[in-house]
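A single chain comes next, written as structure tokens; it is the form predicted alone.
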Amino acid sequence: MPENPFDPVTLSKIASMELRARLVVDGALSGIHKSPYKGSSIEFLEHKEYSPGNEIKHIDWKVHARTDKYYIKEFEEETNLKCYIFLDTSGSMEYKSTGISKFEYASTLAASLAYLLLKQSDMVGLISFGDKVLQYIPPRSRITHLHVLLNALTGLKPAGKSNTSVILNEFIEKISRRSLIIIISDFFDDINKVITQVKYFQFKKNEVILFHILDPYELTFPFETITYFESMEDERRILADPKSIKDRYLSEMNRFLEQFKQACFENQIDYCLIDSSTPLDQALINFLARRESTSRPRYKS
């Protein structure tokens, strides 16, 4: 049986990040009628007192009837989307049971989203982070910007701890209103603090999408024999019998996931949990189809 070209393991064999991104996006868009990111419109912005030379057709006669003054409607054309992709490069993202690591999966997903958005002339920027910002590439819309982003992704290596809420806090004033913010991480962090920072972005009318990437072994804990479990972010290392801790581990993991999902639901945060063994084109198809079906509004930059 031939290999599935969208399988994470198969994709990992493709050295070019650009080729990976094109393969995933082309595969996803062949499975969905259109991208829900697309679209533009003319939107009412505010009233302005009439001055000689203004277009008479823009006078708001309803306001005139109430105030006996002349005001014109000002409109703002919806511009291309401005997107910021936050990519977690902490040590825990390097974990892999079989196939590819969470980071390889996450970086290919980031490349695919960037490729999709730039093809639509949207603006895309990248922030890679652990416990501090490793690299910040401001949003640009030129297709040549794709090579800048892909080169940056190719050169990243996971290491150290994660401090997502602190990183997000650094960008609250830097990111303009009505942008799209995508965070790709395993979110082994203080979730309450992360949600708090996300709400600040929402207050500024930004839309936030959280891609939660986990390895299948982290979700199922299939270990059978005595095993050394090592932290990938510090020096902790313990020897344990998996059978004696499996039930408690799964209970804690499920509690963590449910609390995270519930917090996102209550705060209208778009949350997407992805098992890193899922073919990337299928993950993208599911995500785009869900966004299309929920008819989320497109924000202006």
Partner chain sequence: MISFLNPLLLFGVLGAVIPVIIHLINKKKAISHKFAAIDFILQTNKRISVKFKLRQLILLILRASLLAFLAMALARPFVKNFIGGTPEKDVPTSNVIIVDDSYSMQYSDNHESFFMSAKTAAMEIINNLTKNDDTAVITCSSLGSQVLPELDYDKKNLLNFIEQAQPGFATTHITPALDAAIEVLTSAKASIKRIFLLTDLTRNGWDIDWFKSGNEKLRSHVSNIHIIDLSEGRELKNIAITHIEPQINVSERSAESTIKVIVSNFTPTRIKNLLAQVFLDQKKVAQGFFNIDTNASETKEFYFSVEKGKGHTGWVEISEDSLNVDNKRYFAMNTSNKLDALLIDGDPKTNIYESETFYLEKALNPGREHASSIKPTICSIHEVKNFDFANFDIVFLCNVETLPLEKIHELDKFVKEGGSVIFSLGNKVDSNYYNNSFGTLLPHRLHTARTFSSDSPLSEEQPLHLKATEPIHPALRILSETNMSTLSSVKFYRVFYVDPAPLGNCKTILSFSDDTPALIERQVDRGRCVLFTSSIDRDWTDMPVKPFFLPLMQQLCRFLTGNIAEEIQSETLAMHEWQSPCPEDINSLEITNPEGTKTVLQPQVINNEKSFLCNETNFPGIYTVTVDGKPHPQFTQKFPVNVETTESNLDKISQKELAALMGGTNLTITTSPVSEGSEVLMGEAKKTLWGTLLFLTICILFVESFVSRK
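Residue numbers count along the first chain shown, from 1. If you're wondering where the values come from, they're calculated on a predicted model, not measured in any experiment.
Only in words, not in the display: the form predicted in complex with its partner chain, which the text now covers.
- Think of it this way: in the predicted complex, its partner chain has a heavy atom of just one of Y136, F221, Y71, Y200 within 4.5 Å, and the residue is F221.
- Of the candidates I59, A263, M253, C272, M253 is the one whose heavy atoms come within 4.5 Å of its partner chain in the predicted complex; the others do not.
- Contact with its partner chain, judged by heavy atoms within 4.5 Å in the predicted complex, is confined among 106 to 114, 136 to 144, 89 to 97, 202 to 210 to 89 to 97.
- When its partner chain is considered in the predicted complex, S51 lies well away from it, no heavy atom lying within 4.5 Å.
- When its partner chain is considered in the predicted complex, Q120 lies well away from it, no heavy atom lying within 4.5 Å.
- Contact check for H64: no non-hydrogen atom falls within 4.5 Å of its partner chain in the predicted complex.
- Contact check for I226: a non-hydrogen atom falls within 4.5 Å of its partner chain in the predicted complex.
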